[in-house]
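Just the one chain here, laid out as structure tokens, in the form predicted alone.
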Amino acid sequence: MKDLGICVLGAGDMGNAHLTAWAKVPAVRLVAVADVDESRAQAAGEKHSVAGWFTDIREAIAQDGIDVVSVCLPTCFHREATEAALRAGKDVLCEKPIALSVADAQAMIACRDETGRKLGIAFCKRHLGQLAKLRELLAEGALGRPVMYRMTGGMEIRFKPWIMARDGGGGPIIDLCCHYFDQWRWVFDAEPVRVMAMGMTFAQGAAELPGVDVQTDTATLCVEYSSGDVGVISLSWGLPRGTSAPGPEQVLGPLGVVAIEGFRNLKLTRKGGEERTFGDFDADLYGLQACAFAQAVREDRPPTTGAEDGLSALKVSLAVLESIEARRAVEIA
């Protein structure tokens, strides 16, 4: 088994999640971690027994023995960091979303092709056995077709100002909803064709976000797929402190309903109240993701979710934001 040296760029929540996940993969060495905040880089290095910690991403990438770079920086830096790692001859697992613009995503794909390295996008939910089972149930017609997959939820204003910013993380439509745009495309086995959305911004001017140009943080959106299936999300990231609005996640079809319970279970209910539960799936999203990417590198095959998957999801996110602004349906190229 090929030994892999790992560098993680970013020592925030996601960087620490990647470091924890990589440590579970056999024959892996944690070579470097980098963060512009020196104390955070040092803390992550010490916590995860990383060989070296840095404040400059290029210095970290340049360390001997690095094979794979995990990009866990704010989305606005994904292109710069990914291209630097690819040009240094490293395979890259970049956190979702791939980028904030189609141009940046396409440039990352071009750099991957030019360098011949691997570029995976970290849609961690795609590694869940739960979603694989849902895809199987839909393919075999357990719910009939077409179906409606719906998700609702509401959260307080996020504690990371950059993730709410138009030019930082792009808000929930880009940062969170991309998970669903990717998994819907996969479980429906179909391409997105159009979106319709309405939205607003609750958090603009909030004390927690001084000087931040907040991207749309509250929306209801509908995505239609070539299969006739529909995905619906109604969510907010702009609620005041101390409040939340959790909701269900379900797939509705002419023959029944599947309730998606956490990351471990599915409950299928059909005519007459007949129920079947599929459960106890492995819910270690980041561990499964790291193992899968390591296997792709070792076996020289494409990653489970590649840059084209990231670009597809981004196009839907941008179409949603366009629909909100234009107050009309938007076709997806």
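Numbering starts at 1 and follows the sequence shown. Being a predicted model, the structure only gives us computed values, none of them experimental.
Just so you know, the form predicted together with a small molecule exists too; it's not on screen, but the next bit is about it.
Options 76-84, 199-207, 226-234, 186-194; stretch whose heavy atom lies within 4.5 Å of the small molecule in the model of the complex: Among the candidates, contact is made by 76-84.
A139, K267 and F281 each touching the small molecule in the model of the complex (heavy atom, 4.5 Å): No, because A139, K267 and F281 lack any heavy atom that approaches the small molecule to within 4.5 Å in the model of the complex.
Touches the small molecule in the model of the complex: I57 (any heavy atom, 4.5 Å): Although the small molecule is absent here, I57 would touch it in the model of the complex, with heavy atoms inside 4.5 Å.
4.5 Å heavy atom contact, Y180 and the small molecule in the model of the complex: Heavy-atom contact with the small molecule at 4.5 Å: absent for Y180.
D13: touches the small molecule in the model of the complex, heavy atom cutoff 4.5 angstroms: Contact with the small molecule, yes.
Residue contact check: R241 to the small molecule in the model of the complex, 4.5 Å heavy atom: R241 lies outside the contact set for the small molecule.
Sole residue of I157, C124, A105, A219 within 4.5 Å of the small molecule in the model of the complex, by heavy atom: Filtering the options by heavy-atom distance leaves C124.
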